[in-house]
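In structure tokens, the next block holds one chain alone, the form predicted on its own.
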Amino acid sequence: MVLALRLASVAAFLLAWEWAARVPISFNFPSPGATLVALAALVTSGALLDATATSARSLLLGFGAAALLGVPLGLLMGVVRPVGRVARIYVDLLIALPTAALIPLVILSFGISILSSAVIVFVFSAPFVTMNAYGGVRDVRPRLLEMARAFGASWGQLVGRVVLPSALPMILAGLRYGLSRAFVGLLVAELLLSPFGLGKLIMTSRSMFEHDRMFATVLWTLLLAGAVLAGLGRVERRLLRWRA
């Protein structure tokens, strides 16, 4: 039933897309068929795969740093209350800040490079990873902590055997949401900042009025993001099998 609904939604989307191309909404609006032909040409020429590899470097560097720094910081904020009170102010500011406004500062600090794209990806994703880890620790049931203390658990055992397992669902959800934000940050960085990767391919296709190639690159990016998020979701379900 779920598979049928998903296939029906994809079919409805393609029909709406075909209708929009035939009306046409704009003379620049390619049909699904033309977009798929352009996508196949980009893949066979190697241009799309090269751009994907370049973008993946920025994504892995930025989101990897967000995960490696954000999760421990969130746990520390939840376990050590004074740290949480101080650090939460700055994390909340990063969440509320229009992150695209940081791009001029990033250009001044790091220049135009893959590193600058990775910094934008980090800024887009790290606050959400941190806050979910922090929220996971704060949501640990007090009865579990009281029971562990009653049985003489040390501080390390309390964190490793009670706090971490209880906070794991929120941590994994934060990583998944942070990854989706990382893709947004990657495209913002590559469209506005760095002349390489998938963003460069989109901008070049638009400037050459090759709108089928532009749509094909956007479609490829959506499919790539969906596949990565689905893979992370499977990892999350496997790690949380014990909850069932």
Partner chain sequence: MTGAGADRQFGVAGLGAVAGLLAAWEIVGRLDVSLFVPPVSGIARVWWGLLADGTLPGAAASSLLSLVKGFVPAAVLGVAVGLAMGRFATVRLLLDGWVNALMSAPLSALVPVLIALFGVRDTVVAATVFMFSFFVVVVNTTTGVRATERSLVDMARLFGAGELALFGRIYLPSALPAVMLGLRLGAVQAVKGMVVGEMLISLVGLGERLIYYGNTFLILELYAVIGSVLLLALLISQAAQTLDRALVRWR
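Numbering follows the first chain given and starts at 1. Quantities reported herein were computed from a predicted structural model and do not represent experimental measurements.
Absent from the display: the form predicted in complex with the partner chain. The rest refers to it.
Give a yes or no on whether each residue among Gly84, Val119 and Leu239 has a heavy atom within 4.5 Å of the partner chain in the model of the complex.
-> Negative, none of the three is within 4.5 Å.
Should Val218 be classed as touching the partner chain in the model of the complex when contacts are defined as heavy atoms within 4.5 Å?
-> Within the cut-off, so yes.
Using a 4.5 Å heavy atom cut-off, state whether Ser180 contacts the partner chain in the model of the complex.
-> Ser180: contacts the partner chain in the model of the complex.
With a 4.5 Å heavy atom cut-off, would you call Leu192 a contact of the partner chain in the model of the complex?
-> Leu192: contacts the partner chain in the model of the complex.
Interface membership of Ala225, the partner chain in the model of the complex, 4.5 Å heavy atom rule = Although the partner chain is absent here, Ala225 would touch it in the model of the complex, with heavy atoms inside 4.5 Å.
Though the partner chain is not shown, can you say which of Ala51, Ile202, Ala67, Leu39 has a heavy atom within 4.5 Å of it in the model of the complex?
-> Contact check passes for Ile202.
What residues in 77-100 sit within 4.5 Å of the partner chain in the model of the complex, counting heavy atoms only?
-> Counting only heavy atoms within 4.5 Å of the partner chain in the model of the complex, the contacting residues of 77-100 are Arg88, Ile89, Tyr90, Asp92, Leu93, Ile95, Ala96, Leu97, Pro98, Ala100.
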